[in-house]
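In structure tokens, one chain follows: the form predicted alone.
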């Protein structure tokens, strides 16, 4: 993409140019945490609200155990809490972001310092009614293979709900990983909402998968 701006917001643009190294991503968000919510609000970030309502359509039980993977400052958890969910847990790579998620009051537990690719070391397999990851499958953050990690923490018959920025979907092997997991009968596609609002510098796709078993 050269030097052309991906986003008009300086911090969002810089985030999309990260190299995916967990240490670098963690350091970036530790620095950004204090201004994150303001920047995201100015960018008209609609992803959390859209994702929460999509999750509710497929898992309406307010007692469902939900795991917000890469929860950031708690925007998704706050939307879910407003819809009546109370058994929400979250984790994030950045402790400073996780601290802000705790302060939201939406979660019963938030853990910081957890690399998504290693999250299975911190959460039991087959234990969540739904695993969500919104705003994480984006350039410079996690590889599409993270889908396999998150799917492992959903219970059989449970849900995996993720968002992808359109440029992430176009420039990574996300669809290939989805196709592989479906072909292996590890999950099915329950719903895909394509080219939907995400923020004011681009659209996103929203995916709901149901774990087999």
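Computed from a predicted model, the values in this text were never measured in an experiment. Residue numbers count along the first chain shown, from 1.
Beyond the structure shown, there is the form predicted in complex with a small molecule, which is absent from this document and is the topic of what follows.
Contact between residue 71 and the small molecule in the predicted bound form is found at the 4.5 Å heavy atom cutoff. Residue contact with the small molecule in the predicted bound form: residue 131 places no heavy atom within 4.5 Å of it. The small molecule is not shown here, but in the predicted bound form it comes within 4.5 Å of a heavy atom of residue 48. Within this chain, residue 115 lines the site of the small molecule in the predicted bound form, having a heavy atom no more than 4.5 Å away. Residues of just one listed stretch (184-192, 151-159, 58-66, 24-32) have heavy atoms within 4.5 Å of the small molecule in the predicted bound form: 24-32.
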